[in-house]
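Have a look below at one chain only, the form predicted alone, in structure tokens format.
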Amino acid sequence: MDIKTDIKQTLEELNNATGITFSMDTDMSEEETLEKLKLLLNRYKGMTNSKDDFYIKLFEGKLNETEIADGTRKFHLSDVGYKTVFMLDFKDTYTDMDITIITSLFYPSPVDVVRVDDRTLCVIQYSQLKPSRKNTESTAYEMLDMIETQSMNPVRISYDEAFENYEEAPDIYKHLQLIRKVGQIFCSDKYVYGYYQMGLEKILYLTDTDILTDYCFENMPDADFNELDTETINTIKTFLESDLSIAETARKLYLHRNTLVYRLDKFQKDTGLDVRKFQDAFKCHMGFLINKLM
């Protein structure tokens, strides 16, 4: 890496760390400039009262109202409008490139990127108007696509609805910590999780396992979801996702109607559940979810 590129990267790191955009106007040589910039960056990162520390303490509920007000003034944070927090969990350690990719997506709109640990980032988006759920979800998928295509560092993104007051941040952070766990258990094939999208899954995750075991024993005594073959699982899940429509399920699976009916009959014989009836279909859906959790 040449020295001009190194200076540019260090300036970007300073901007990400402080929220301040620096410009160059000095008589020092490039080598001296780079040395001073890195010294400034290292000193800032070593501060216990950095912006990252402020946000983390805010998220963890360790700041009172006065401390929050002092912090927002000190770090020039907007206290007007709405804030949306996205939690990014990387498979591998994130890099400065990942942070640059994120900030470039939002530019020129204001955004803060908080380093929670070496694999987790929190991105705070600011907006004057409250973004819709659809827009927030779209933003999450845009981040996912950009990171995966440009950085190729696998990531999962959790998000909640926007909030106005910084005092609400600890509750939002708790929601994100919960949904990241729930999403990876129940939706391991997906990479974006909205807090309001998995209501039943959250209830099951927070329910005592003994209660769930009793539910299965009482309502599905003959069903063993671990014993189901892949074809049966795919057929039943597609049927449930198709609103119990035989015609739609047969179309999606490229099956003859009679073949599908035969599979449903066999499933009923093996498990005691006739998924063509709403009550049994709901029990079956619960069974699949509980099986993932247990």
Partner chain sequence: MANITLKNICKTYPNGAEAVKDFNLDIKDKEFIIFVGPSGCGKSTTLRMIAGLEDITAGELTIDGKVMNDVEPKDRDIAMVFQNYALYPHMTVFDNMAFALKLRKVPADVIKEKVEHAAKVLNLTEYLQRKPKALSGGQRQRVAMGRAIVREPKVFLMDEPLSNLDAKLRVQMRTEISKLHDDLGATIIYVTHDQTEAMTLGTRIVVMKDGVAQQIDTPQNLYNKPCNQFVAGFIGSPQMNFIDAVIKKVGDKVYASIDGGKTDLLIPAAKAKTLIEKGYEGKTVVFGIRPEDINDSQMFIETAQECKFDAKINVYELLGAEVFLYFDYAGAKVTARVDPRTTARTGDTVTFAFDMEKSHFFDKETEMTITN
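Residue numbers count along the first chain shown, from 1. Note that the structure is a prediction, hence the values are computed from the model and not measured.
Although it is not shown, the form predicted in complex with the partner chain is what the next lines describe.
The contact with the partner chain in the model of the complex, taken as any heavy atom within 4.5 Å, belongs to 145 out of 222, 164, 118, 145. The partner is absent here; in the model of the complex, the one residue of 259, 245, 64, 26 having a heavy atom within 4.5 Å of the partner chain is 259. When contacts are defined as a non-hydrogen atom within 4.5 Å, all of 141, 154 and 188 contact the partner chain in the model of the complex. Using a 4.5 Å cutoff between non-hydrogen atoms, residue 32 does not count as a contact of the partner chain in the model of the complex. Within 4.5 Å of any heavy atom of the partner chain in the model of the complex lies no heavy atom of residue 214. Using a 4.5 Å cutoff between non-hydrogen atoms, residue 100 counts as a contact of the partner chain in the model of the complex. For residue 263, a non-hydrogen atom is located within 4.5 Å of the partner chain in the model of the complex, even though that partner is not displayed. You can rule out all but one of 229-237, 32-40, 66-74, 52-60: in the model of the complex, only 229-237 has residues with a heavy atom within 4.5 Å of the partner chain. Using a 4.5 Å cut-off on any heavy atom, the residues of 89-107 that reach the partner chain in the model of the complex are, in sequence order, 91, 92, 97, 100, 101, 104, 105, 107.
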